[in-house]
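First, one chain by itself: the form predicted on its own, in structure tokens.
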């Protein structure tokens, strides 16, 4: 499974459409990389997600249009997540993260 977490510093970014940095994780954390995007754009981020063959997106707030688009493309989205990216990733790997969760 390939996971993308939107970032703002070391936390989940509060808004999908303002994201400029993402964390991409593969093989349950064995392969991790950070990508800096050229600009914040929900459309470009969606295109990047498709190009990278992402299976799961973890983010803060996301507009319904982009949420539905990603679901239509068969990409799972866990939104309204708040907390440190490292702790959020641990929960994702354990399959223990829910939408709207505040992680400490």
Partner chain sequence: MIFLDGKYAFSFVYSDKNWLIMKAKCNESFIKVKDILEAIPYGAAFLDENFRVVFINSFLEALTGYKSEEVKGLDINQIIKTNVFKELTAGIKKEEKLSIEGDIIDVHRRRIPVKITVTRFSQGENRWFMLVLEDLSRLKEKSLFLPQFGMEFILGNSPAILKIKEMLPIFATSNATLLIEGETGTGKDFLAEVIHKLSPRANNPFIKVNCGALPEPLLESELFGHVKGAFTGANADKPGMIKLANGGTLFLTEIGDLPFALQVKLLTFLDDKEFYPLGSSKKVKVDVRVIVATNKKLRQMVKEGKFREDLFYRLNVLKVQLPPLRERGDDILILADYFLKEFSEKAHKKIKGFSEQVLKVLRSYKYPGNIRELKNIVEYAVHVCSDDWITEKHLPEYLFTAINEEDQQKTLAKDWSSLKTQKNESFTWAEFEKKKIIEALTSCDGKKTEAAKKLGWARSTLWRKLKKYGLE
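These numbers come from a predicted model, not from an experiment. Numbering follows the first chain given and starts at 1.
There is also a form predicted together with the partner chain; it is not shown, and the following applies to it.
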{"property": "4.5 Å heavy atom contact, residue 91 to the partner chain in the predicted complex", "result": "no"}
{"property": "Any non-hydrogen atom of residue 44 within 4.5 angstroms of the partner chain in the predicted complex", "result": "no"}
{"property": "4.5 Å heavy atom contact, residue 102 to the partner chain in the predicted complex", "result": "yes"}
{"property": "Close approach of residue 82 to the partner chain in the predicted complex, 4.5 Å, heavy atom", "result": "yes"}
{"property": "Within 4.5 Å of the partner chain in the predicted complex: residues from 1 to 17 (heavy atom criterion)", "result": "11, 12, 14, 15, 17"}
